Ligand SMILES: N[C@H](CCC[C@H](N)C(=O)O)C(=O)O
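What follows is a single chain, given as structure tokens, in the form predicted on its own.
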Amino acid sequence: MAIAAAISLPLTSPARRSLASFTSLRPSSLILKLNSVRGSVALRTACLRVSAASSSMSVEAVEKASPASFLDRRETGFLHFIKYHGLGNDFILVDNRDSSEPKVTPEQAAKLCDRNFGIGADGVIFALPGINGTDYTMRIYNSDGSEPEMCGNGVRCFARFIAELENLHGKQRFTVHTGAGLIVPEIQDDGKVKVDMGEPILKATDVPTGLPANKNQSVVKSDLDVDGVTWNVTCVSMGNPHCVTFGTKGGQNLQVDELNLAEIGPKFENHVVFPARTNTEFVQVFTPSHLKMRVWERGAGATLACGTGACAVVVAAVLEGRAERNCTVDLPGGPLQIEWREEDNHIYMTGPAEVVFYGSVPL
């Protein structure tokens, strides 16, 4: 069930509030619109207002609000957003089409992404005007305030966000300028989003990595020492850097659920051979068309899904002779379908993107 909500949260307040302390916010209100997206029961007209009073919270019915009316709000000093997720990889989407610069700073984005004292997200994504002939421009700040070149799950959410903003229905296709170049998402009839992610970058110096190339200027199944343990890694860029590993040198097949990701992930991310840091994917092979991965994302840590990472995983698996060009990749948040087409060398990613809630926050 997706939950849509208008939530007021102070962005710059130094006080770290607990749930109980919301009772002191007399002017604030929380509007929840329950919107079933699964099953046979659609609660599309149920709308509740939960108001914080001095010592209790009251629930009352309010008139039905539409997404269009919410997105049209233009109160000065407030940031209106919609939160989406792609397989649990969640983002705050901001309508920024009236300006070429993001409406919040990297520092503000980090506060918004805080899961205890902010809205909670893996990143903030801005829909800006298109450049170089594209329909739109997409920029993203990670949860630590850094700016990556692109995000695969994020671009699927971006496509659904644009359809909401423009009130578009059915099959839709956009051209999107990103830091990784041109990306072309297409909303399918079933609501999933298929994205032409372009060609993978394999040249070691362009990934970038300081590991020496060992196969056609690429790093494929190369040795990497991490804290005294030698891992076999393949390096791929999808416009952002990825280090893909199927296990340690001479070791058994990797069992990804057994990894202590919080311990090992940062050591890969900040390894000296990755001058721009790196995303890291740990992969288990079930069959040549079925892979499972866990990811440590640069600037975000362990996440439930990484679209560019799933693309990099299939490329690495093909280069290492472990998989076919069309694979289901299981992530903690669910599966993605990834195809690396031989005829055009492009990678196509297909997966869901869903609304979580609508919100407003004072800046």
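The first residue of the sequence shown is number 1, and the count goes up from there. Just so it is clear, the structure is predicted and the values come from calculations on it, not from any experiment.
Form predicted together with this ligand: not shown, discussed below.
Contact with this ligand in the model of the complex, defined as a heavy atom within 4.5 Å, holds for exactly one of 240, 209, 234, 178, namely 240. The listed set 224, 128, 162, 150 contains one residue whose heavy atoms approach this ligand in the model of the complex to within 4.5 Å, identified as 150. Per the 4.5 Å heavy atom criterion, this ligand in the model of the complex is contacted by stretch 87-95, the sole one of 87-95, 108-116, 216-224, 199-207. Using a 4.5 angstroms limit between non-hydrogen atoms, residue 137 is distant from this ligand in the model of the complex. This ligand is not shown here, but in the model of the complex it comes within 4.5 Å of a heavy atom of residue 142. Although the partner is absent here, residue 298 is a contact residue: one of its heavy atoms lies within 4.5 angstroms of this ligand in the model of the complex.
Taking this ligand as it sits in the model of the complex, the stretch 273-290 comes within 4.5 angstroms of it through a non-hydrogen atom at just one residue, 279.
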